[in-house]
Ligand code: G1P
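A lone chain, given as structure tokens: the form predicted on its own.
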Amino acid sequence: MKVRKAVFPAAGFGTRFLPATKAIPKEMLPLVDKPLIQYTVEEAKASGIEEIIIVTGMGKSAIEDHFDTSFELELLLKEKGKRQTLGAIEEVSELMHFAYTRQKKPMGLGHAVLCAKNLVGNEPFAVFLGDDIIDARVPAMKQMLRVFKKYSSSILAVQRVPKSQAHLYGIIKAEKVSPRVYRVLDLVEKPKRPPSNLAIIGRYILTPEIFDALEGTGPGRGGEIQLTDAVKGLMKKQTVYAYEFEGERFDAGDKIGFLKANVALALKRPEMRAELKRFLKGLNL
């Protein structure tokens, strides 16, 4: 079946960016001149996804407003003759069809995905974690969809990380089946003794059977329902694969990663590149 829908968990409090995220959703923090979540929505669209399901929580109305039409603002820009800015604003509201649901309690990533069950229905779907910004010639999700077309099974995006950082991620134990594709044998959330250096990154393609697995998954690490625990349960019924995507990934949920992403993406913008390079070279580091 074609993967038409994508789930975007966006109910977290963004505590690592406090006090900036006290009144602003973490997903709306600006990366150059667009909010974080817009980058992943644009990746979804470029990959052929047709519908976005955003799982929100208290204080997240700014996300809905961002992707909605702003009649007053658009009228003002039109009256002032700011056609280019108007076009950018209109493009945001026309990006995709959006649906929203709420995660009423912070019960973990797995629970957030489960909240989207009724909107997803009985079909495979993608999951995007907005903290992970992936700069790639071919969108990371589009790469994964090619793998899904071949194997018709759940796919986890993975990236090699230093062993010293493996305790920060979900890590897979796997066997290679083709270039960049692995069959997952086991996975462990933030292990003390990692079985490999292949870390799960914030892109997934999941079959609808994951919902049964999530409903049968109790609280795990941190007292939350972990998506990795549910995927382990899913592995008892079907093969799960991992794909080592091509592209540069920035952990924008981390302050240093967020700053790196801003610099790297700004340097790709022709109107900013020269001046930013001069500034960086002039720093007394």
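In case it trips you up, residue 1 is the first one in the sequence shown, and so on. For clarity, every value in this text was computed on a predicted model and none was experimentally measured.
Just so it is clear, the following notes concern the form predicted together with the ligand, a form of the same protein that is not shown.
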| query | finding |
| --- | --- |
| Stretch in contact in the predicted bound form with the ligand, which is absent here, among 73 to 81, 197 to 205, 115 to 123, 174 to 182 (heavy atoms within 4.5 Å) | 197 to 205 |
| Proximity of Lys190 to the ligand in the predicted bound form, heavy atoms at 4.5 Å | yes |
| 4.5 Å heavy atom contact, Arg249 to the ligand in the predicted bound form | yes |
| The ligand contact at Gly170 in the predicted bound form, heavy atom, 4.5 Å | yes |
| Distance check, Thr228 to the ligand in the predicted bound form, heavy atom within 4.5 Å | yes |
| Contacting member of Leu145, Leu109, Ile134, Ala213, with respect to the ligand in the predicted bound form [4.5 Å, heavy atom] | Leu109 |
